[in-house]
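Two forms, one protein chain; structure tokens for each follow separately as structure 1 and structure 2.
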Structure 1
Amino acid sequence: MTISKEELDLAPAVREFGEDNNLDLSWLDTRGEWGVRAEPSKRGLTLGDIQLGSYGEPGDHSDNMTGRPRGARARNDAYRVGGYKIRSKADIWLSNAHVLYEESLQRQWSSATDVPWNTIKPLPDDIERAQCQLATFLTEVEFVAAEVPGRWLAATTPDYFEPRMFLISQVMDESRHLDVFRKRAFANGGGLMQRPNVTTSGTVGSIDLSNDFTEMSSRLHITGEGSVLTIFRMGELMAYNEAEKTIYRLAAQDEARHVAFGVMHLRYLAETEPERKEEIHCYLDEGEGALVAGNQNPASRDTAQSEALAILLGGGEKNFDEGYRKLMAVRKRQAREYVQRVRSAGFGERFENGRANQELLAYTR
């Protein structure tokens, strides 16, 4: 860390004063870069605005094991207690994590007061049960997304704090999603129903167990949340009141940020470490298989939640067939949006070279 000349000029008089007054004061001239003056932009003083000088973008590798803030002056006697596993930038970085984080702060909402709960009126029993079944499913899977990103926080050097901050905002968002769907289950004379009858976690290749951040992100942000985002965006088709519409709309806003994080991270990795692309394709192979089998995809077939969705989309059990056809329309959209995202992330070749899951591709046609 360099110290500017002006800084050193502070020292002699101060040192003398310190000695006279039993003060050390050496910290006045032992510090990080001096003379930094970030200016607020039109969105206030953002994380982007303070990326200046040595406080700007971090290096490709981090040797920060003590947890000091990026750009602070390091000392030799500090304890190396960080134990950070992620110290290579490409493992977690993306170009705009700070923008997504700032956006998340601006768009926080309250499930207690921003949802017009009083617009929920008694619904036919089959609809209410379907709604509660879907809510039960979402209460569970939203928490995969609330828990897993959190595990990577303490494992990542604070030199890469921008993606870390974003992941914290995601933990917050997903906590609210868990909470809002639990609230929906109890808002209208229903209750919780059956927990998912398919395995969402605890098996190899699942979001929970990934040992590599990008593997986790490809499953969580791209395939998992991507498919949930499509459904939330189509919430209008399965909402029976303003409250439900609001829930889906606000949750979709949040999910769009989470998915964007995953896409941008994959893109960064593809650009900076193309030698990892083949490995990432393997994760995508698995992810596509899961999308089709649908463990975490509420729009998959033959599950409690897919039947519930068909009832909601059709307008009741008596219109199940029509609802099921709409569910297939949702799936087609999921598949198309997935392809778009993977292309945008820089892995589109799998759709040209025959590698992509054919069953999934059939949905895009």
Structure 2
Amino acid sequence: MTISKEELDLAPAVREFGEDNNLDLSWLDTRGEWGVRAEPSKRGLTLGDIQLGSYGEPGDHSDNMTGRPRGARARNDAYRVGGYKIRSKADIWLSNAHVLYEESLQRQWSSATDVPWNTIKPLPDDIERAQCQLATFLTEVEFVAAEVPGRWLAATTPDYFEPRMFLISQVMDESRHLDVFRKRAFANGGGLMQRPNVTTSGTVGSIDLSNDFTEMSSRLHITGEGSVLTIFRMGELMAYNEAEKTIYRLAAQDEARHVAFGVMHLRYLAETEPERKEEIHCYLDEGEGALVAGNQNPASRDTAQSEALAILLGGGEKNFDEGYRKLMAVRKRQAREYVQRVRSAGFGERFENGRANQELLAYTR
């Protein structure tokens, strides 16, 4: 876009008006990189389309503590509006946050109107109880998955707004997952069942303890949500009507974005700050231990969740053994998909050098 000299200069009448009325119009002369025009792409005007010039890629560190939009001219008298702890790019950045954010906008759905609730018919008591137990577990898991990312929003400098905006979309996604599974618990004459033992349900119990965003993301996106994503992808095997199939399918597309966010963030960190790789390996050590925690000590296993899954997969209590066999196949898939995610994130060496949890690796064979 070309800006004419006439457009750049303030009209004399405007200047005269300001002077006559004792108005300070000097801000009209203060511009950033003027003359930048964003052109819509085939998907409309996206965040990627406005990553232009000095407004595009942010610096490796931000001193912006005033809430100033990235690329706007700073004011010396501006006061601080946020105690931003995340001001280092590597602490939260990924190369495609804007793409994931745009996808989240385009694929929003309503649990009230996009799920064919009328297809739910009365089920045998054991199957309905298992569905309600699983729905109770997923309701709590998705509450945590919405709550924890939300705590990092106000801690992130506005200069890194793309990942921050994606996290806002994740809070919305997980809130919808919470309500859709709660609705399923009440939709067929059942109700909420036993509260899960969150200390043994993967890494749910430890996500809240994270002091660093990357620590949180490795626990939530890589280990926790990755395991839940596998369950959603296998939802067809434990769905008894079109409503349940729809719930799992829609929730899976959301969860896949959240997992992709974590993978791409770890990949960026590994490439830009390789000295932190040992730190990340420690988080992964912990996560892998949590994934297999109940195998050697059955007393620490969340049996209500596992038994509910076995009943649903087998088609009832009478087929529990067959259902448990299918559950072990789900566990194998969880392990294999976890390994694939970690390799994609740039930490695959742990599977060659013997560092990875060997019991977990046994599930991949």
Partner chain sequence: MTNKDNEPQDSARVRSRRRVNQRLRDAVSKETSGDLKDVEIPPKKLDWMKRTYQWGVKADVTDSGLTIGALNVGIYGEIPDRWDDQSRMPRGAYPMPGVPPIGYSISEKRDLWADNAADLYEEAIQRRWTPATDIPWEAIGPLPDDVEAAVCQLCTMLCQHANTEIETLGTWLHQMSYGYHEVKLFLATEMFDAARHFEVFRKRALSNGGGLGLELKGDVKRMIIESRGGWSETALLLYLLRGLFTFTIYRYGSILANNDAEKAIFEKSVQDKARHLSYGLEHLRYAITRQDDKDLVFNNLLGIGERLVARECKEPIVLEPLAVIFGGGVEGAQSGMRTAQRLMSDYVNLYLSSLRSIGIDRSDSLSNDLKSYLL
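By convention here, residues take numbers in order along the sequence of structure 1, the first being 1. The term rigid core refers to the maximal set of C-alpha atoms that superpose within 1.5 Å between the two forms. Note that this is a predicted model, so its numbers are computed, not measured.
- Between the two renderings of this chain, the form predicted together with the partner chain is found in structure 1; structure 2 comes from elsewhere.
- Relative to the superposed rigid core, the position of the CA of residue 353 differs between structure 1 and structure 2 by less than 2 Å.
- Superposing the two forms on their core, we find that the Cα atom of residue 23 is displaced by 2.5 Å between structure 1 and structure 2.
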